[in-house]
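This document starts with one chain, in the form predicted alone, laid out as structure tokens.
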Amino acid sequence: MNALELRNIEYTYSKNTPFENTALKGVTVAFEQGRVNGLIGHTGSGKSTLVQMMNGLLKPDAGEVILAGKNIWDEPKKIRDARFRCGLVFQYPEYQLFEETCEKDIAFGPKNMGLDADEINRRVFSAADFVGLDRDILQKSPFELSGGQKRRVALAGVMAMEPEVLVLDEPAAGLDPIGRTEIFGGIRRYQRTKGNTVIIVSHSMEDVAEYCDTLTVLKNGEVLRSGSCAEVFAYEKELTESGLGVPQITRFMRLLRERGVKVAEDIYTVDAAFDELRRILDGKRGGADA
């Protein structure tokens, strides 16, 4: 079952002007319920435009946006409901913080949903736990926090609405490796606990290989490839020509194969590479012992 589908989406900026630019050309893509889906593409591929279609921030010139089986534009006056059900976290969301305390900022979305105080508190604390925010931080001003902590507050604010679909545009941009791991770990825990659908927009092949179940690749406003990580990364040359490539560990393992080391071809994460190399070394030790 698909949580979100975009069917034959077309969109052009600045129509009928000298600056006319077609961003999306008949894009059709489906995001499966209860999975982490990756959306990748080089700058200008149409990712950001497509993301803004998902919860009605932009209305397509043609095509349908199907959320839980229903076109979100069938009833334009209820488009606000779609934005609660499909939560969008923009790149560098910490710039959108504005409340006096972190707790109030996280609670802003649930309050607008009309929830009672007890439910709002439950959601605020739950979301804070998922992103790794200590309770004492909740009473501080978000502007007193580090960049990584601000990112967590902004992410928790969308998680607190408990959307059916959570869309994250470059959620770890600008963070150090530890910060990236913590942010993505929280997202993964949230998805597994809630059983909802997550869509991660990223330029990092390492991140999508590590955390995504499926991938969709955009190029020049069209879908280039879609499928599992293994299916998409099999087209290394095509991805490289599109300015993306494959994870560095995948290239490393390919170089080993070219030098005669018999490693598997479907290696896309460091953990998988470690297991594969350990298997080979244990096999050689066993042969030597024999």
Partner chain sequence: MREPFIKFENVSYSYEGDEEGILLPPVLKNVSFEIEKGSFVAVLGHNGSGKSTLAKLINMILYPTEGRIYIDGRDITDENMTEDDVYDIRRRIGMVFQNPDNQLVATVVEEDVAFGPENLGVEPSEIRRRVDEALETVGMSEFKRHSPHQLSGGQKQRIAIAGIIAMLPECIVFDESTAMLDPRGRAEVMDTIERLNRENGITVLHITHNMDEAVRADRVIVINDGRICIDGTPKEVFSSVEQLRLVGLDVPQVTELLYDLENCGFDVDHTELDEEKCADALAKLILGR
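Note that this is a predicted model, so its numbers are computed, not measured. Positions refer to the first chain, counted from 1.
As for the form predicted in complex with the partner chain, it is not shown, yet the points below apply to it.
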| request: State yes or no: in the predicted complex, is some non-hydrogen atom of E64 no more than 4.5 angstroms from a non-hydrogen atom of the partner chain? | output: no
| message | Is E100 near the partner chain? Define near as a heavy atom within 4.5 Å, in the predicted complex. | response | no
| Does G185 reach the partner chain in the predicted complex, with heavy atoms at most 4.5 Å apart? | no
| field | 4.5 Å heavy atom contact, H203 and the partner chain in the predicted complex | value | yes
| said: Please pick out the stretch from 66 to 74, 48 to 56, 241 to 249, 29 to 37 that is in contact with the partner chain in the predicted complex, where contact means heavy atoms within 4.5 Å. | reply: 241 to 249
| query | Heavy atom within 4.5 Å of the partner chain in the predicted complex: which of Y92, F84, F108, F125? | reply | Y92
| query | Is every one of L256, A273 and R278 in contact with the partner chain in the predicted complex, taking contact as a heavy atom within 4.5 Å? | reply | yes
| Partner contacts for 175 to 200, taking the partner chain in the predicted complex and a 4.5 Å heavy atom cut-off | L175, D176, P177, I178
